[in-house]
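The chain below stands alone, shown as structure tokens; this is the form predicted alone.
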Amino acid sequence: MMEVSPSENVSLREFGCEQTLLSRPDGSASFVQGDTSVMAGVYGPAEVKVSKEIYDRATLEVLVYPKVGLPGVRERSQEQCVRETCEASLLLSLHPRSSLTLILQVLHDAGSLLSCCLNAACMALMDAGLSMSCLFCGVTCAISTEGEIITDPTAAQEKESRALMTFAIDSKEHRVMMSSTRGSFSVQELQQCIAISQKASEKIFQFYRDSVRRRYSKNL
């Protein structure tokens, strides 16, 4: 893992999470990062259409719905990023010839939406009790026109940045499971953003642990 200098900004907005919000899905969670909010629901394992059936593992479908209007190209791109990350962490071979559906509803987009979707998805999968090889989290980095790296940027910071990157980081070895980038940046800047995201992921995984601990301490 590349070292992060103390001067690098790894500050994150405040997190909030609540699980088992919805009664109909097998698992659900809402995740808040600053003013960005996403609700996730997981259905399955359930019966799958013959046309989508895979003989040795479950079929995972991810659907992202915007706050207003119908899903477009942006939502399709987000669906692919979330699906690839979930497929890398879920033990889909335990449920052959079945389907899993993950629905993400955007409640408010104030920046770093894809990382919030990833975090909501992970918490919902945990709530559904599905077997996973590791947990994952999403971290977004923006590079300003001056070259400053900003973690968990707001919508205004994203708009003013020359590059935007979102990484999915696993909980075991803090490796990059998925990346989504846009804009212009150097190889060194990419490596710095990965290192900062790996450092920031430690805070998110700690939040996961604290959130689940609080939930089950209440139940007990």
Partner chain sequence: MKDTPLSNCERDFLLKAIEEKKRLDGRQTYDYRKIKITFGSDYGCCFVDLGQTRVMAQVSCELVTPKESRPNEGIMFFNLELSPMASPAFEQGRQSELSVKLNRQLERCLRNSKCIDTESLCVVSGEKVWQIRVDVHTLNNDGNLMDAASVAAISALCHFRRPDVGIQGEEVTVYSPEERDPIPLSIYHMPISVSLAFFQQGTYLLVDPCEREERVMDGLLMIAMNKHREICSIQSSGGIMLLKEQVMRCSKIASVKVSEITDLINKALLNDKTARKAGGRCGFAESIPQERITALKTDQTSVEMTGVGETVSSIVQTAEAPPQKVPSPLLPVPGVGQVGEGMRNTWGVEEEEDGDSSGGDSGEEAVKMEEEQHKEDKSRKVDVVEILDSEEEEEEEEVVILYPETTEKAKNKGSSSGQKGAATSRKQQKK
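Numbering follows the first chain given and starts at 1. Computed from a prediction, not measured in an experiment: that's the story for all the values here.
Keep in mind the form predicted in complex with the partner chain is missing from the figure; the text below concerns it.
Proximity of Ala155 to the partner chain in the predicted complex falls outside the 4.5 Å heavy atom cutoff. Looking at Lys49, you'd find a heavy atom of it within 4.5 angstroms of the partner chain in the predicted complex.
In the predicted complex, the partner chain sits within 4.5 Å of a heavy atom of Val106.
When the partner chain is considered in the predicted complex, Ser180 lies well away from it, no heavy atom lying within 4.5 Å. Residues placing heavy atoms within 4.5 Å of the partner chain in the predicted complex fall in a single listed stretch, namely 96 to 104, out of 82 to 90, 96 to 104, 128 to 136, 111 to 119. Contact with the partner chain in the predicted complex, judged by any heavy atom within 4.5 Å, is made by just one of Ser171, Thr59, Ser161, Ser37: Ser37. With respect to the partner chain in the predicted complex, the three residues Ser11, Leu63 and Gln198 uniformly fall within 4.5 angstroms at the level of their nearest heavy atom.
If you take 124 to 139 and check each residue for a heavy atom within 4.5 Å of the partner chain in the predicted complex, you get nothing at all.
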